[in-house]
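Coming up is one lone chain in structure tokens, specifically the form predicted alone.
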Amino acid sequence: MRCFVGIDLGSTTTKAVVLDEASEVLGRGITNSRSNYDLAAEIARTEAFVSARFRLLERAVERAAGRETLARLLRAFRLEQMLTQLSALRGKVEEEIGKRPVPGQKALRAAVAAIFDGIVAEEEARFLEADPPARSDFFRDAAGSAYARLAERAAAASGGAVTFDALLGLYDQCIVRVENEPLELGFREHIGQALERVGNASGVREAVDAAVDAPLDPVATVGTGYGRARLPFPKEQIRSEILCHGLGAHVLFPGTRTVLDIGGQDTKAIQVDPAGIVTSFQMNDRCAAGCGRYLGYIADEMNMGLHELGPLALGSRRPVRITSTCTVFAGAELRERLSLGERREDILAGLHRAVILRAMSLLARSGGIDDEFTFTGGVAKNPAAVEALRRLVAENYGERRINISADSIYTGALGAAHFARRGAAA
């Protein structure tokens, strides 16, 4: 099967989208961006092709065993991937301990074993849950949260022989090395292990074998994003972020006329015509103020997950007015507000409003907000940012249709994939 690939190499995440010849999305992949941009692009691309094989598998498995079996098969596959990465991380941590012939090494090894055994047990239990709670798509975040929680418990159980800081330091030192290595096992091995977990329902093995063996021929690839200059593609296979986000938003919502993309490092306000061609734009790329990295910094300061900020901010009763969204001063202002007795919910609501106010300024300079308006990027998943945007758009422009796709973070990669398809057809 001929297919077309778009890769969006962002400052914080790298996304890939695979299209078939009918312009339908076959698969999507995402990973944390790293200093090794080539590797990040390859991992996202590999994830997208794994997703594509699941798409090919979907119809056959549904016919053979039903949607429930398909959902369990996907969860089992993700579990096998998680266990493989946990094993790799554990090996790196134990290797690091071996390099440190210090007193208490035996206690340190025992604590690390307890942590990883605990994480594996939690992952196995999560697989058995009918509706497990949502969590980050990234191994670093999912494993890191569990590791930190269990490390506190292991340190306390050691009676002072092992410190929490020592355990966390081992994780921080080894996680990057694991992220920078591709998974040892591929789709074929992981799906085989997953199949053993869900059982060989009638027809499922045949559907899995067909998905594994299906030929996927990527005939064209286009790259875009913050790090696009580092992508290993010829110059003619690179497109600007502005063009790709404009086209991607048009593909998702054909009535789009204005696009706002808030990513990790920059914010883009784009105007497009009825064909998705960019007519004007404004972009803030001088610093991370008012972008995803700013919110990430706030999350770190508050010792919270990035995904927790938005829901907490929605509980605000009286949002605090924030005077600056400069990342350099964010921590100082946050600590000052907390010391004055301000509620976390009110501070976060004010921070989200400040972020969107910066975006509104870019939108005004690009030509305002026309109907329809599409919000893309990772920040579009933040409910407090979306709520602040809805209010400010209504206040300044009246009622507008605001489109937000569940897959908004892939908009740039989607646009790049469509450019790849168009280029191959030319």
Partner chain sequence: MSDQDKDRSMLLQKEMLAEHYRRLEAAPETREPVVYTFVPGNLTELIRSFGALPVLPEINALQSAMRGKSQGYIAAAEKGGHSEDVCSYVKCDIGMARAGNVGPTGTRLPKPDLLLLSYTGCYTFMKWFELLREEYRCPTVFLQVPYEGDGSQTPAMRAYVARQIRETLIPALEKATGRRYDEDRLKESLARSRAAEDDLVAVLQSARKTPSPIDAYFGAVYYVGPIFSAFRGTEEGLAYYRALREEVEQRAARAEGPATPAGRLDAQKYRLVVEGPPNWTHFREFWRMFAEEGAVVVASTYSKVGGTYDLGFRHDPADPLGTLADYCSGCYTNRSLPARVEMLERYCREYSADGFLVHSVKSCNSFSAGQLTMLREVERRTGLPGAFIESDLVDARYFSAANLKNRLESYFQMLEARRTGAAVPA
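Source: prediction; values computed, not measured. Residue numbers count along the first chain shown, from 1.
A second form of this protein, the form predicted together with the partner chain, is not displayed here; the remarks below concern that form.
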Find the only residue in V219, A71, I277, A161 having a heavy atom within 4.5 Å of the partner chain in the model of the complex.
I277
Picking from A143, I242, L167, I115, the single residue whose non-hydrogen atoms come within 4.5 angstroms of the partner chain in the model of the complex is I242
At 4.5 Å between heavy atoms, is R228 in contact with the partner chain in the model of the complex?
yes
Please tell me whether any heavy atom belonging to A364 falls inside 4.5 Å of a heavy atom of the partner chain, as the geometry stands in the model of the complex.
yes
With the partner left out of view, is S316 within 4.5 angstroms of the partner chain in the model of the complex by any non-hydrogen atom?
no
Verify the contact flag for T84: yes if a non-hydrogen atom of it lies within 4.5 Å of a non-hydrogen atom of the partner chain in the model of the complex, no if not.
no
Work out which of the listed stretches, 39-47, 25-33, 380-388, 364-372, brings a heavy atom within 4.5 angstroms of the partner chain in the model of the complex.
364-372
Taking the partner chain in the model of the complex and a 4.5 Å non-hydrogen atom cutoff, the residues of 1-26 making contact are none
